[in-house]
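Given as structure tokens, the chain that follows is alone and in the form predicted alone.
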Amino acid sequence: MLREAVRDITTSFGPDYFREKARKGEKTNELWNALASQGYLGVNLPAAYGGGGCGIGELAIVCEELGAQGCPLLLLIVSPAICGTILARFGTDEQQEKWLPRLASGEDRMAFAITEPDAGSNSHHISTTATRDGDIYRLNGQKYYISGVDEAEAILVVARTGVDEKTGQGRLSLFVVDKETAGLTFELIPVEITAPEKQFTLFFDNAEVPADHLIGTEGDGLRQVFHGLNPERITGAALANGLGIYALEKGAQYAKERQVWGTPIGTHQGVAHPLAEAKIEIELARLMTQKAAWLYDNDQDAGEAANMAKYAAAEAGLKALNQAIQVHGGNGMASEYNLAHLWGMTRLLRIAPVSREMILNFVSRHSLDLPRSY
């Protein structure tokens, strides 16, 4: 029922709407608000704060269905999946009362800032610092490739608040930083991706953040972050799966309609088999995504499954889109067929959230018990 409801709303907008909005640099607020009005943006958030009271499995359905209708919304991965999940688990009563109803209703959006130019995937080496000064923390440093800052009301920032004396690694903490905070500035990063969400560099120059904006316990941020990063991987996988489903439907339909020498091109195994292979791989990726969501929602260790789901879905989604474009021939590049503009976003999902190489590192080390490579 959830899938059908999201599909009905999204198809009333459609891929033409998404493509034109993204190409013009405009936001897809109409679609966002239509989903929000029915409560579908906060299905994973607590019912006590206006959410659906469900889990990441349900939010993954929303993400997948948006992709399957050619309208992927990246901020669903960030705002309710990462930020909402962390706030619901570790936020104070006051923080939850302030933010969760607004995130659940879609009224507000929250960005997430962890990546830095010199830290990359090594969160232990984050250099952005937060120093306690009475009733405030002073934030200094830089964040990189932060999505949707222009649309967000606040940013969940990961900063270093100390150093572990035994390991020398940073002790991390989480802060909700209002976007209008003095000392916080941001700059657009131009990217070759057709999407309504933009990427930004953030600069913290002695930015003053109230101490009560600290999430959970100071120095416990890394554990808190991973409570949100597995949902990020799961919903990212769902989005990639949805894009794969969308591409395969377009490719198969074209292969049935397009005729060469009086025969539909789909009758030829050279066209049919690559589509069939992509279909198999998408369905396998969907199963792993569902497994990861089930494990997470049932308070079991979802790290391995979430990483595997993200890897499989990103590979399968891109393969499906590439094949759908190839089936269309030159028409695969034509705007009216609504395929090529999705390539950048689908390709991005092999890089973020979490690159395929870091997933292979995780599986090598934790699943196969091989020695660390770094």
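Numbers for residues come from their place in the sequence shown, where the first is 1. None of these values were measured; they are calculated from a predicted model.
Keep in mind the form predicted together with a small molecule is missing from the figure; the text below concerns it.
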remark   = Contact with the small molecule in the model of the complex, heavy atom within 4.5 Å, among 224, 79, 230, 147 goes to 147
Answer option from 140, 199, 169, 181, heavy atom within 4.5 Å of the small molecule in the model of the complex = 199
remark   = TL;DR on 256-264, 130-138, 171-179, 191-199: the one with heavy atoms within 4.5 Å of the small molecule in the model of the complex is 191-199
query = Closest heavy atom of residue 358 to the small molecule in the model of the complex, within 4.5 Å or not?
reply = yes
query = Can you check whether residue 115 is within 4.5 Å of the small molecule in the model of the complex, heavy atom basis?
reply = yes
inquiry  = Quick check on residue 363: any heavy atom within 4.5 Å of the small molecule in the model of the complex?
reply    = no
inquiry  = Residue-level question: is residue 9 within 4.5 Å of the small molecule in the model of the complex, judged on heavy atoms?
reply    = no
